[in-house]
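The chain below stands alone and is given as structure tokens, in the form predicted alone.
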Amino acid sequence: MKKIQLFTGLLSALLCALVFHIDAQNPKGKFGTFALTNATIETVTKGTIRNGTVVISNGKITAVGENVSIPQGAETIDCKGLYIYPGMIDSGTNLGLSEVGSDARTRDFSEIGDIIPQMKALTAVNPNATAIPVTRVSGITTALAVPSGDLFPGTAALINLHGYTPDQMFAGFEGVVMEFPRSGRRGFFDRRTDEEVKKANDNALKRLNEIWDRAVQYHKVDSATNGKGAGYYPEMQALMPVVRGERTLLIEVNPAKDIQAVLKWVKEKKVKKVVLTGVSEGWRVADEIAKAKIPVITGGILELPTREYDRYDQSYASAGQMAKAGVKVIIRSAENGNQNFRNLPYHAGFAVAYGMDKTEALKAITITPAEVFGVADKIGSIEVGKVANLFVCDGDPFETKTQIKNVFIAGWQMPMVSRQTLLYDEFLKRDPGVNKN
């Protein structure tokens, strides 16, 4: 019996030590009333406020300005010499849907099937994904988690980068994703003949039109029977809000020729809510996109040109060229391969360096996506009444030397810790050092 008691005691001590060890490596966020004082506040929608204060309470921004009364009991954070920006929004990620690229068991952004719009990214988001804290300590507070794959690979979800469940993280927008059939080759490795490429594209377009017509018919039956006669058909049920103009269709398309085909298809099918994504050659047909009044989510900016004869910096200049043509432009990082979504401000910075207006670039990662996603009353700028998604930094967030000092998501002060900061701290001062004693 004594041996059992001794074993139980040792096991309890080990578990306690493990728990405390985990807690030590996972500091929690802090919720409360905060006053961020003496800062330069870039509101995005209402200009710049010098020597201003932002008050956060109950998850919302409750006061912004130069002469703001600080509530009793508020924790004051002196931001003298610092800047406050609204939290950045990355509109093209697979955050929470992928953990280890080489392990299929940890990838949940691409399901089997070509028509699966009912597969919702929100239900698959892992709140504990390693890349989430890495991304948010860089000032990115919100991201669009996007499935990928075939024709209709699923439904994307906008999430805040803090919470223990997907529902806690949901930021109020979902959109059905479509991968528009590509008319050309997939790359240098594609050895199909011209005839084979054309035949494959024709078949894919035929398949797309069949599915869309079926969705329209499903909508008509559902409407005629007040939702009682259409029957169980999850694919069509997921597409029906798009047909009715109640949900946005996010169409991934890149070659100029295909963008023109999408514009024609959208007009013919009378699709009401559309956003083009990718759009790497959008600059070639920018006037046509602007005329159609369809917003775009473009990027990554830090990419090679799509054609060998294009200028080396064409990808950097594309967002600015589309914006100057009158297109509503959102910038995404699209760093799905390496999960470096923290680089979003540098994608925007490169767009500025190659011609995009700096104010427009800042909007392209804050208020513009909020407007397009229909959540501009909640996030995207620093205004009274909005959700307290913001960050504090010591300089221009588009500059790599700028340090992010504080991040707030829905009023929670985030721990400025990630796997990368832990590794930095571990190896900054090695004890023992590298010398052999």
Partner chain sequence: MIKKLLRPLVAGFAFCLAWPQLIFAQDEKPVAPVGRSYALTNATIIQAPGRKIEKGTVVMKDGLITAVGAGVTVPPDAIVIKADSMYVYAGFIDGLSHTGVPKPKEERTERPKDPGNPPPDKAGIMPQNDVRNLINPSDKSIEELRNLGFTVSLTVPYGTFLPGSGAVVLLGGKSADDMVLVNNAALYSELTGTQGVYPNTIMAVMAKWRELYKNATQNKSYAASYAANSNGISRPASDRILEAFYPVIDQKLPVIFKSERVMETQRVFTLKNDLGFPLIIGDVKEGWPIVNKIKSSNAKVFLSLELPEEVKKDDKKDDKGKSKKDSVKTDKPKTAIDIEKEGLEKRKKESIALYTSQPSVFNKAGITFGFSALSAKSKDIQGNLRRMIAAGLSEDAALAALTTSPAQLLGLDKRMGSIDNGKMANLVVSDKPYFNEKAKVRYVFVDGNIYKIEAKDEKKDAKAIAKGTWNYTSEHPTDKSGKIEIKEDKGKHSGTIASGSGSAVELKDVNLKDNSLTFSFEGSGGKQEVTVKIDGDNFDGTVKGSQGSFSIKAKRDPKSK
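Positions refer to the first chain, counted from 1. All values derive from a computational prediction rather than experimental measurement.
Another form exists, predicted in complex with the partner chain; not displayed. Remarks below refer to it.
The candidate site formed by D167, P241 and K378 is entirely out of contact with the partner chain in the predicted bound form, as no residue has a non-hydrogen atom within 4.5 angstroms of it. The partner is not drawn, yet in the predicted bound form one stretch among 79 to 87, 204 to 212, 273 to 281, 122 to 130 has residues with heavy atoms inside 4.5 Å of the partner chain: 204 to 212. This chain is displayed alone, yet in the predicted bound form one of A292, V197, I367, L302 has a heavy atom within 4.5 Å of the partner chain; that residue is L302.
The listed set K257, R307, R107, K264 contains one residue whose heavy atoms approach the partner chain in the predicted bound form to within 4.5 Å, identified as R107.
Proximity of D357 to the partner chain in the predicted bound form falls outside the 4.5 Å heavy atom cutoff. Contact annotation for Y346: none of its heavy atoms lies within 4.5 Å of the partner chain in the predicted bound form.
Using a 4.5 Å cutoff between non-hydrogen atoms, D150 counts as a contact of the partner chain in the predicted bound form. Put simply, E335 is close to the partner chain in the predicted bound form: some heavy atom of it is within 4.5 Å. Shown here without the partner chain, the chain has no residue in 365 to 382 lying with a heavy atom within 4.5 Å of that partner in the predicted bound form.
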